[in-house]
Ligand code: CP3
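What follows is one chain in structure tokens, specifically the form predicted alone.
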């Protein structure tokens, strides 16, 4: 059977009539079956590293909605955790990290790092064995800049951002994160991930003149590291909220796929036809009771990318108050488009 997600990356197998769909954060807080398992796992990091439970919640949205891809249930901050930085998740607040020990962080060795994430790789093997072969399994990681933001800011920069470091220190830490993320991605592929997505969730707070140094170059190096080992595994990048800079990002980084957020002006996209586009739709529409607005928004992207290489997705992750009936309507609409 055809694997619709992977087919989009194979120019010899493109079925322009079939638009595959999966949603970022499709496994999570809006699903009652997820909440039931989450209630038994008080520590979020341990939850992510619980092979049985993380495997189960990865598969829940596939069973409920028949998405074309599963994305392994994990978290971008597992990289920080495995590199020795203490990470906790505070309810209704988000991640809280302890001060980074730069010396210890820079000295972390590959075997120690990989060993701390061994359960993540076991879960990937488990899911790949349980997942039907026509479904794609997506592995992922945070990009170096985004992980560095958390490492130094010690929390989400949504309301407060402080990175009081000299540029040479920032670059030294970024280079270490490049290695860590590369190791993590390669290990995910080794254990069964078909595709990798890199989340640069805080790329939008980088000054334009620093975008190449802090965002483009690190993502490009990780892709090069992956391709040296697994040249045929597609890599999708999600540099969130960089707006019109997305064209230069794609030209310089050369990912196999680019995920666009809901602030991206699709009319200004100037992306090579070899690159698969993904996403765009406003996730907040799935929290309301306006079916026509959901359909119109979905149709906007489906029509714009008609006869192009496109994977339907949201322009950010599924929100906690998302209504299941809206996801069902969206999936049915896309699959019957």
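Positions refer to the first chain, counted from 1. Because the structure is predicted, anything quoted here is derived from the model rather than measured.
Absent from the display: the form predicted in complex with coproporphyrinogen III (CP3). The rest refers to it.
- Residues with any non-hydrogen atom within 4.5 angstroms of coproporphyrinogen III (CP3) in the predicted complex fall in just one of 289-297, 304-312, 23-31, 275-283: 23-31.
- Interface residue among 117, 76, 189, 211 relative to coproporphyrinogen III (CP3) in the predicted complex, by the heavy atom within 4.5 Å criterion: 76.
- 201 is the sole member of 126, 136, 85, 201 with a non-hydrogen atom within 4.5 Å of coproporphyrinogen III (CP3) in the predicted complex.
- None of the heavy atoms of residue 65 is located within 4.5 Å of coproporphyrinogen III (CP3) in the predicted complex.
- Contact between residue 177 and coproporphyrinogen III (CP3) in the predicted complex is not found at the 4.5 Å heavy atom cutoff.
- Using a 4.5 angstroms limit between non-hydrogen atoms, residue 240 touches coproporphyrinogen III (CP3) in the predicted complex.
- Residue 89 belongs to the set of residues with a heavy atom inside 4.5 Å of coproporphyrinogen III (CP3) in the predicted complex.
- Taking coproporphyrinogen III (CP3) as positioned in the predicted complex, the residues of 130-160 that bring a heavy atom within 4.5 Å of it are, in sequence order, 140, 150.
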